[in-house]
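In structure tokens, one chain follows: the form predicted on its own.
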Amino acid sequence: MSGQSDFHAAWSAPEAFRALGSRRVTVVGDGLLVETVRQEVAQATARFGGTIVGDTGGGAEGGADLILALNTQPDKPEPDAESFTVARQNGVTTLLADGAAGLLYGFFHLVRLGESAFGADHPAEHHGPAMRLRMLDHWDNVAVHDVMGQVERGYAGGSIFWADGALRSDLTRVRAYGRLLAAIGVNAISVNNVNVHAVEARLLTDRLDDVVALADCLRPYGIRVHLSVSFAAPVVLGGLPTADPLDPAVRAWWADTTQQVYARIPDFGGYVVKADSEGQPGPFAYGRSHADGANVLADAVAPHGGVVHWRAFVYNHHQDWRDRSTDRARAAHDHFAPLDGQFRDNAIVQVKNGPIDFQPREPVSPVLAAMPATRMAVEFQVTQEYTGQQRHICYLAPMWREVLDFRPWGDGGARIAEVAAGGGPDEPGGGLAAVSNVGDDHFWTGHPLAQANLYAFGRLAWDPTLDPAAILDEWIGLTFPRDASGVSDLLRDTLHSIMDDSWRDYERYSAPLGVGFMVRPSDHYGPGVDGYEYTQWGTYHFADRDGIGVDRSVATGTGYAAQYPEPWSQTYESVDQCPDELLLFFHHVRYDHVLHSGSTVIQHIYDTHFTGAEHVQRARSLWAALAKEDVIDAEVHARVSERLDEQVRSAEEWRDQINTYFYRKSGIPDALGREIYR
């Protein structure tokens, strides 16, 4: 339990540890992570009256009633260091793990279970992560950058790692962060921005001491540190005349530099690379492929057990809006699919969940189904860049679960979760990665309820079959218990009413039917219907007086629909078969086109924008009613109330601007006679 006044406990609220802290506990095993478990047990028992005992037998009366132990049986199967088994027999709960990481994760599993871990006897239950790699990418700048500030797309203050161009002198908060991540099973982070500026590039060489300190701080929680690096590092840092990945001197520089990193950080995770994208240098400058670029780094980290995350976010960011044959959605597949099988086994192609850029609604990226011989990681965005920037409540787990459940090859085919997980120990996938939403704000995430997105990411990375509502319920129970009675039913019910459908509410009052990018270009917040329409970024909706949407069909459009395997290529190709929620992503249709719902496109736009704004107004009223009850801390209530006021204002702005715009474009009035012209 953190007990710190300068940051919120989040899902490590002290009361969440009561059930374990009131037991007689034995911890068996040695090593750094086992010692972390011992310290957790000691803190919990000291607070709640339990006892640490050395006797591992005797039941609840004479010895321990909770045993946490490493499996020391000589004939045990090949160990899975992160898995664990929980059983309860004769009044004793036993957690047995093959590795120290499993013991740590098992401890937090018991915290989630609370008193139910000590109920009726039950046989052994095995638990292990679906994804080998469960990673958070921090887009943190060491120094404040003129355009993006301290944290690019950060909505919760400055970096928890860096301040005033240097590593923070007090890493207490970083240790607390490591504990929060261990509690949700995250096992890797990158600590700097993928847009690598000059000072961040130096973390690889003369600023390596800072990375060593962070690795030392996070190691007790089973978290490996990774670095985002510049593809041009051999030139920028090494003084070489080239960064050509096939040049022997370049390959030697990466190998030598990487050796020096591992000499200081033996469990260093590896590199994250954004190359040939939005101005970042890459292998195209030398006539080389992305596989060539990734492989030189993969070869450098391979002897040390490291990996390279090579981002597939590559597209033409100087597009002519008048050229409708160029399609940003096609770009990642066009660049990467032909390279399948050319990447090293420890090179992971990291693919955004959708083909554009973390919009409230996109189809699943076809790249994830196009490279069966390559390790693929799915990249989510926990920080709410296009989903309200942590000023709006937008619980994203339902969207992520839809992505993970998507079957690119149709019914009976593999799910995206299985693509990311891989085919087993000998064929690992790339796992899940996500852009962090954490900053030095007291509540970690600016909006206290945005913590739920970070919690949900970790839980879905561990088990992608979990129900988003159940995950939210876990988070509520761990974050807001005030005493032995736990969370009040009123608070729990209110949070579910406000949050369960909040992603769809955001979709309702922002961009309709998958069209995306109707935000202000300056900061990606608030409505700007034509803000990107005539720019170089390739994010268009092509609304005119007759209709709206991007034609991505093979027959008459960009051909993007053909990047999917059957049956989805045909489904998306057809206006009649395309799901309503993605219609405008794949087709340009008339405003009076009738959706599967029975509504016309224009009426759907009007209706959803009114409905979305009404739902946010209702959420504010539900939250305000809690002020009359003693069910939540005053500072949490005040911060959420302030954010809900802004969300109501913004949702009404979205409603009025979007509906007015499309009324002016179409000339078609609202069938319900509401005022839509503002």
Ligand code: GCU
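Source: prediction; values computed, not measured. We number the residues from 1 along the sequence you see.
As for the form predicted in complex with the named molecule, it is not shown, yet the points below apply to it.
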Stretch from 471-479, 160-168, 378-386, 81-89 whose residues place a heavy atom within 4.5 Å of the named molecule in the model of the complex: 378-386
Residue (of N195, Q603, S553, S502) lying close to the named molecule in the model of the complex, criterion heavy atoms within 4.5 Å: N195
Among the candidates D267, D299, D580, E152, the residue which, in the model of the complex, approaches the named molecule to within 4.5 Å (heavy atoms): E152
Whether H392, R639 and E653 all lie within 4.5 angstroms of the named molecule in the model of the complex by heavy atom: no
Exercise: K274 in contact with the named molecule in the model of the complex, heavy atom 4.5 Å: yes
Partner proximity in the model of the complex: E278 to the named molecule, non-hydrogen atom cutoff 4.5 Å: yes
Touches the named molecule in the model of the complex: W254 (any heavy atom, 4.5 Å): no
Contact label in the model of the complex: Y455 to the named molecule, heavy atom within 4.5 Å: no
Stretch 504-541 - residues with a heavy atom within 4.5 Å of the named molecule in the model of the complex: H524
